[in-house]
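Here we start with a single chain on its own, the form predicted on its own, put down as C-alpha cells.
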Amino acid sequence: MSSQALNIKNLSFSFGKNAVLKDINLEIKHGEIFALIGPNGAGKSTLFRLISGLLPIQKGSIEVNGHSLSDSLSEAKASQMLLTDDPNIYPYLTGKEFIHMHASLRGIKESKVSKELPKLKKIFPTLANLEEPIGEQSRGNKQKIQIICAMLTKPKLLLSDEPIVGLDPSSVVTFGETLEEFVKEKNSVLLALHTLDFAQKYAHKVGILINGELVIIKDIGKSDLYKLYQKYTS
C-alpha cells in the first residue's frame, strides 16, 4: 500500500485563459482528515473534479492510493468516493433503493447491506424514512443518505464537497465524530468547506486555496484559522 492516500504534484488547470489552479502540491496520508478552505470560486470544486477523474489532467500528476489517474484511472477511481455539494441523486428512487444500488456498483452483497444498514442509520437519528423517494426529501436528508453510502462502502479516500451544508447542528457533530472513527481504519478524508469551526475541530491539516494557490497549515491545534484565513484572503 502506498504511504499516501492522495499525492498531487505540480498540478495546474485552466479553463481557457483562466488559470484556476496553479502548481498545486498536496499529500494526504492514510488516517488523515484534510480540510480545504477558501472563498467562492477559489478552485476547490475544480480540484475535487480533477481528483475524482471528472476533469482531465492538463499539467502535473495525481495519485490516489498509489494509483495514477493518468495511467490507472479505473483503480484510482475505485479506491475513492466523491460526495457532491448538490446531492440531487435519482429523485425517483427511495433512500433505501439508492443505498442498495450504490452498494451493488461497489460489489457489496445484499446480505452485507441488510446487516450494516440498521447500524448506519443510527448515525443520523433524525434521518427521514428511507422508504420515501429521494426527490421528496430535504437537502439535509439527501446529504445524510450520501454519507451513509460512503460509510457503507468505506473508500480509502473520501472526497466531500461542502459536506455539512443542510445538516442540522446535531448531525454536524455526529458527522464529525463519524469521520474521526472512519480514519481510525486508515481511511482518509478531503473536505472542501467554508465552516472554519468544523475544520478547526476535526481536521488534522488545513489548506487555504486562494487565487489558485494552496497554503498548507499543519499545526491546526495552535492555529487561529479565522486570523489565518483573513490574512491570506484579505
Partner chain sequence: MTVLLKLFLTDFKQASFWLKKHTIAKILVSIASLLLLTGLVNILFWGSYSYFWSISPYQPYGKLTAIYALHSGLIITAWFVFLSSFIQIFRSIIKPSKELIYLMGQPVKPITISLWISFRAWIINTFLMLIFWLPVTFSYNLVFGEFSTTSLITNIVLITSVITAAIQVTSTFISLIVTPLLKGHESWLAAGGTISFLGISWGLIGLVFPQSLRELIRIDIDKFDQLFSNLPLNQNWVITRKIIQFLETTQISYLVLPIIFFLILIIVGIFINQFLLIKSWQRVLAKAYNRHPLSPPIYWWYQKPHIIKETLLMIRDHSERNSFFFFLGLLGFFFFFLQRSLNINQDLSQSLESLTAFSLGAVLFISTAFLLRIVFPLLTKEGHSAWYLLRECHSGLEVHQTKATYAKLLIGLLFVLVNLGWLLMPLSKEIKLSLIVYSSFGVILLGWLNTVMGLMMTEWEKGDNPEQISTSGTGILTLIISLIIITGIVSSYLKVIPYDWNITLSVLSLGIILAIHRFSEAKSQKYQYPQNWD
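Residue numbers count along the first chain shown, from 1. Note that the coordinates shown come from a computational prediction; the quantities given were computed from them, not determined experimentally.
The same protein also has a form predicted in complex with its partner chain, omitted here; what follows describes it.
- Residue contact check for Phe98: one or more of its heavy atoms lie within 4.5 Å of its partner chain in the model of the complex.
- Proximity of Leu55 to its partner chain in the model of the complex: non-hydrogen atoms within 4.5 Å are present.
- At a distance threshold of 4.5 angstroms between non-hydrogen atoms, Lys122 is out of contact with its partner chain in the model of the complex.
- At least one heavy atom of Arg49 is located within 4.5 Å of its partner chain in the model of the complex.
- For a residue to qualify, one of its non-hydrogen atoms must sit within 4.5 Å of its partner chain in the model of the complex; all three of Met81, Asp86 and Ile108 qualify.
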